[in-house]
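Quick setup: one chain, the form predicted on its own, written in structure tokens, and binding and motion questions come after.
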């Protein structure tokens, strides 16, 4: 149970019932990281919508490749946003319990995925000129 007596009022309660209150600087850094994942998610989704909008305007070759690129960007954004809160909870729990911080599971997928998407975008640029 939290030593400060606030564990029963904050959500998610099961998180705040574990361990002791960490240094507020670390909690705020964890929140900034969460918001960075959300910003990344929004950027990926906006890029996906933009690529698909370009696909709707340009009725040329490369439509299926553009659609695949848009879907990959949107899926990457969805994956980022879907896992951001879980990552925040796991990190906060580890800090409260004094455990090692969890490994960033999404980072390799995001890094390699964006590399593949970048290659697809280059192929699309060379193939269609747009």
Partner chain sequence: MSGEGPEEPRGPWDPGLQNERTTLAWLRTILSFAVGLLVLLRLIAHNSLAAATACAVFTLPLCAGIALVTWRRHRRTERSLRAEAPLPDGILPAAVAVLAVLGGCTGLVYVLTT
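As the structure is a computational prediction, the values presented were derived from the model and not from experiment. Positions refer to the first chain, counted from 1.
Here the subject shifts to the form predicted in complex with its partner chain, a form of this protein not shown in this document.
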Inset, instruction - Please run the contact check for residue 32 against its partner chain in the predicted complex: heavy atoms, 4.5 angstroms, yes or no? - result: yes
Inset, instruction - Flag residue 78 as yes or no: does it have a non-hydrogen atom within 4.5 angstroms of any non-hydrogen atom of its partner chain in the predicted complex? - result: yes
Inset, instruction - Answer yes if any heavy atom of residue 23 is within 4.5 Å of a heavy atom of its partner chain in the predicted complex; otherwise answer no. - result: yes
Inset, instruction - Consider residue 10 of the chain shown here, and say whether it contacts its partner chain in the predicted complex, taking contact as heavy atoms within 4.5 Å. - result: yes
Inset, instruction - Can you tell me which bits of 70-93 touch its partner chain in the predicted complex, meaning any heavy atom within 4.5 Å? - result: 70, 71, 74, 75, 78, 81, 82, 85, 88
